[in-house]
Ligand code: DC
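Consider the single chain below, provided in structure tokens and representing the form predicted on its own.
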Amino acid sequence: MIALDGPSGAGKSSVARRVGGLLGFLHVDSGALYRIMTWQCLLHGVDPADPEAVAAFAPTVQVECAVRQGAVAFFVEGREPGDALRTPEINRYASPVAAVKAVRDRVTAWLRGLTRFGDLIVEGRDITTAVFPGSPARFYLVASAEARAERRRLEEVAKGIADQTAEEVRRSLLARDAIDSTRQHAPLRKADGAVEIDSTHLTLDEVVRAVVDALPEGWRGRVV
């Protein structure tokens, strides 16, 4: 189990996919589960800014999981959400929804259940501190707000869903950082003993190498 935390835009997904491919570990994007919760709230008319309404709704959401192309994919009623989870509206409400304890408890249970699929590299915001705190390989990725905003903007442009300027994306990321790091339940923070990597001025290959070099010695031999 490799656990990888950090704020939005720090490069967690790209790094997790690459490292997972090198080691034969399945990539798990825990953020997708919180976005699914947010998506379902919006689809069912539940106010994502109302914690009590979200808490009452959370137990009704059912998510199916399947292994596909080196990752764990998530489905709701047989539908894979895809880019429906990456809209500005989802971005705006994902953190308030994720701050609800009933949501975090449900997502944590889903994530822990994924170990049935084998070796995992799981990325998120509380993986090293709350979900898998006992992992022998825990990492915390950081980057400057400007670098993270530009990465997120380019990602949205590539997907054809960009409707914000770089400054608007930066403000959105900083607002989410504030919510994630100050929420009552499982806030975003660097876990004691986690290896911190600042990716601001590093290439993806350099970050991947830093992660691999910091893995337990026996694991590094699995790199293909």
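When you see a residue number, it is the position in the sequence shown, counting from 1. Since the model is a prediction, treat every value here as computed from it, not as a measurement.
Separately, the form predicted together with the named molecule exists; it is not shown, and the next lines address it.
- At the 4.5 Å threshold, heavy atoms of Arg176 reach the named molecule in the model of the complex.
- Proximity of Pro48 to the named molecule in the model of the complex falls outside the 4.5 Å heavy atom cutoff.
- The shortest heavy atom separation between Leu141 and the named molecule in the model of the complex exceeds 4.5 Å.
- Among residues of the shown chain, Leu120 is not one whose heavy atoms approach the named molecule to within 4.5 Å in the model of the complex.
- The stretch from 193-201, 64-72, 179-187, 51-59 that comes within 4.5 Å of the named molecule in the model of the complex, counting heavy atoms only, is 179-187.
- Contacts to the named molecule in the model of the complex (heavy atom within 4.5 Å) from stretch 98-135: Ala98, Arg104, Gly124, Arg125, Asp126, Ile127.
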